[in-house]
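Here we start with a single chain on its own, the form predicted on its own, put down as structure tokens.
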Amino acid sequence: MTTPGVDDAVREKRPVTERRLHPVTPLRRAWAPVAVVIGWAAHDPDQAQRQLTRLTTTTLLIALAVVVPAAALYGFLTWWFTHFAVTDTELRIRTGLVFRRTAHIRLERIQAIDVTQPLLARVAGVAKLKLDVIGTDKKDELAFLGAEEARTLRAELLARAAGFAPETAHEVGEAPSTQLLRVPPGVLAVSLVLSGATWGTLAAALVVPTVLWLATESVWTVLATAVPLFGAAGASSVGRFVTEYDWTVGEAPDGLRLDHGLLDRAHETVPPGRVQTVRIVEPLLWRRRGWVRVELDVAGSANSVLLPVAPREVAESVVTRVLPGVTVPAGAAVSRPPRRAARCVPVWWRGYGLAVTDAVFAARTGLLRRSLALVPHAKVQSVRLAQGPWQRLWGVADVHVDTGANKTVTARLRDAAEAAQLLRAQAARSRTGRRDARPDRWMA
């Protein structure tokens, strides 16, 4: 009979088959030298223009004859020297043309694996795998794989991360998904029109350049201001519509599946047990329609949106699937700060609120754009009480709750005695919550 440590050693000695990325990948890598030239031209446009005027047709053709093959060779070599392999305990990614780099990604530390398909990748039938790993801020990725190969590899990695034996992990396949809801494009478009951020950035893009033109009459100053502002207005409206188009939420044993995108199609998974905070956002112009937006903080993950827009009842039902056993506190259950808090923050103090249940710490902020943040007690890493001199004068204090996603949720302007009691009680609830929490395991 062998021990687990010996078994692991024996498994590691088994031959590991290294694989290459899809043959279309060199086309993506070949753009790097061209991007360097474009970056130089953008950094010093005057010098670039002077150099360009000196070039003759013959010189330009010779330069193209050198740059294009060099870019193609660079793309081919970077693809040729990139390998990946799946062992019994880790995913290895070996890259580098001159300087070699090998990433050893432990399977049990994988939090999420997303499949994304930019527009050209969808045309070519390839996809990109993005991996969220505990303890790393930068995502490792495999770009590109065949679309079917990417989904098969994702399923195998998640099966191994869940504890399936290496001999059977490749047979598990992708867990079946049940669709919970789909956001109609018309509803998404109306929600963006009714969003204050869209109109605010558009108004700034129209007003600020006009004022600058009247003050300076400088075309370059106006362009330098107008272009970023119109870009921000486009990102908050058209950009969000393109990104959040056909938003679909499905439920599977490995978490909630999110599929979305008009041009670039993304297939993401909200990891089970990894959600640190859920925020239910309610803009002012959405309230008559009963719509809300649901955002997430996931430890080590880029997933930040669960639902771009949905009726409140539907959104709350989805929240209960992300945070099992959690009920979203009703508006009446959220208590406001004492009236003397108005001496610290006039008018806006009415937007603050707090509710603490057996499952979550819930803090509300915002008067025009209300946001209710839900933090499960088991996800609280630390709790702090802060009280400035003006707050001490009026007997109020802030209670800050820190989560594993390096984010903070704050209950603002609570009565000082209530805040001190809340500090002690929340520390006890967090210890109990972590003790009783279920393990954060895939498909567990």
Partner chain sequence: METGSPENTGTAGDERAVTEPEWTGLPPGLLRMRRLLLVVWLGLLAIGLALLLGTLAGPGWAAFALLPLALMAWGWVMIGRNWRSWRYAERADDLLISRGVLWREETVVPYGRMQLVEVTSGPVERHFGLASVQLHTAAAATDATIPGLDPAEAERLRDRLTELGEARSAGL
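Residue numbers count along the first chain shown, from 1. Computed from a predicted model, the values in this text were never measured in an experiment.
Form predicted together with the partner chain: not shown, discussed below.
K.L.:
Does at least one non-hydrogen atom of T25 fall within 4.5 angstroms of the partner chain in the predicted complex?
P.N.:
Because no heavy atom of T25 falls inside 4.5 Å of the partner chain in the predicted complex, the answer is no.
K.L.:
Verify the contact flag for N406: yes if a non-hydrogen atom of it lies within 4.5 Å of a non-hydrogen atom of the partner chain in the predicted complex, no if not.
P.N.:
Result yes; N406 sits at the interface with the partner chain in the predicted complex.
K.L.:
Even though the partner isn't displayed, in the predicted complex is R412 close enough to the partner chain, meaning a heavy atom within 4.5 Å?
P.N.:
Taking the distances in the predicted complex, the answer for R412 is no, it never comes within 4.5 Å of the partner chain.
K.L.:
Contact between A63 and the partner chain in the predicted complex at 4.5 Å, heavy atoms?
P.N.:
Because no heavy atom of A63 falls inside 4.5 Å of the partner chain in the predicted complex, the answer is no.
K.L.:
So which of R340, R312, R321, R336 gets a non-hydrogen atom within 4.5 Å of the partner chain in the predicted complex?
P.N.:
None of the others qualify; the residue that does is R340.
K.L.:
Could you list which residues of 394-424 come within 4.5 Å of the partner chain in the predicted complex, counting heavy atoms only?
P.N.:
Stretch hits, in order: W394, G395, D402, T403, G404, N406, T408, D415, A416, A417, A420, L423, R424.
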